[in-house]
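One chain is shown next in structure tokens, namely the form predicted on its own.
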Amino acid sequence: MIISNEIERRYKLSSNEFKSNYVNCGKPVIISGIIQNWQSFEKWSLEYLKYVSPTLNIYAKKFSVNQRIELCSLTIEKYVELIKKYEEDQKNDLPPYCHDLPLFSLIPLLIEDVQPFPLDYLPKWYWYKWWRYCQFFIGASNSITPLHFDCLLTNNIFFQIVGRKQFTILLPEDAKYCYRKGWRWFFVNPENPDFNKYPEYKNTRPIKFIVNPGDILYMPPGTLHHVRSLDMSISFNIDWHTEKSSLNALAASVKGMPIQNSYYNFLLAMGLVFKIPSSIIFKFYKSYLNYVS
């Protein structure tokens, strides 16, 4: 196994080059120089979120050692206090991780802070109310998402706003060495792999790197990723399909993809391939944004 930090980093990557050299080629990339003028970099913090919506009930996740997901519900005010207490004294228990939360829909004023948004990176089908497809990640330092791939086999654009995150990614062809659990989770811990228990992991080629505030990370469909927050962190992403990836994802229905996932991919294919407007499709798709797989 050779661990590399060789992921391409591009400055002000044009949408045409992004699509032709990365999306169409299934190649990850970190892009800088696109979002550095967003107001979010000046405004967003734990205190700001508590100020704008203290009583909003959100959910957060705890990932156990055996990768079970435990959900808990709490207000933003309570969640902020848990994180602050942990950051002041890391002897306290690690707070749960606010993971996959559709916060733009819950606090619409946040949309103003991420303008201009690089819509040209996305298929035009997603442009109408694009923010509805975004999901947030908010958590304390040392918050971890175990090794997995995105459940609909979508493309992923990830925007880092506050703090740094350490990613370990593996391209889809290495999944066969990572000891899958269920549809999209994996037993191997890339930070400390147990080669006695998981000897095939030695055949992988993990790429390890840090995503900094102002970075955009693109991951192709099926990219395995393990994520650790190095600092208190606020970020969000969009999972999205092209026509090609939506059809590839539908084909995965016969390879173990859960029926519910196939349903959401069918909806997206209806929009992208058969041009049914997103304003019609979204009313059926929106339940995905609260779906835990």
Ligand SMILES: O=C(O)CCC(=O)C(=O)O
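The shown structure was predicted, so the numbers you read here are calculated from the model rather than taken from an experiment. Position 1 is the first residue in the sequence shown; the rest follow in order.
Beyond the structure shown, there is the form predicted together with the ligand, which is absent from this document and is the topic of what follows.
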Looking at 208-216, 141-149, 170-178, 120-128, which lies within 4.5 angstroms of the ligand in the model of the complex, counting heavy atoms? 141-149
The ligand in the model of the complex: within 4.5 Å of a heavy atom of each of F137, V227 and N237? yes
Go through F104, Y86, Y201, Y97 and name the one with a heavy atom inside 4.5 Å of the ligand in the model of the complex. Y97
With heavy atoms only and a cut-off of 4.5 Å, decide whether F158 touches the ligand in the model of the complex. yes
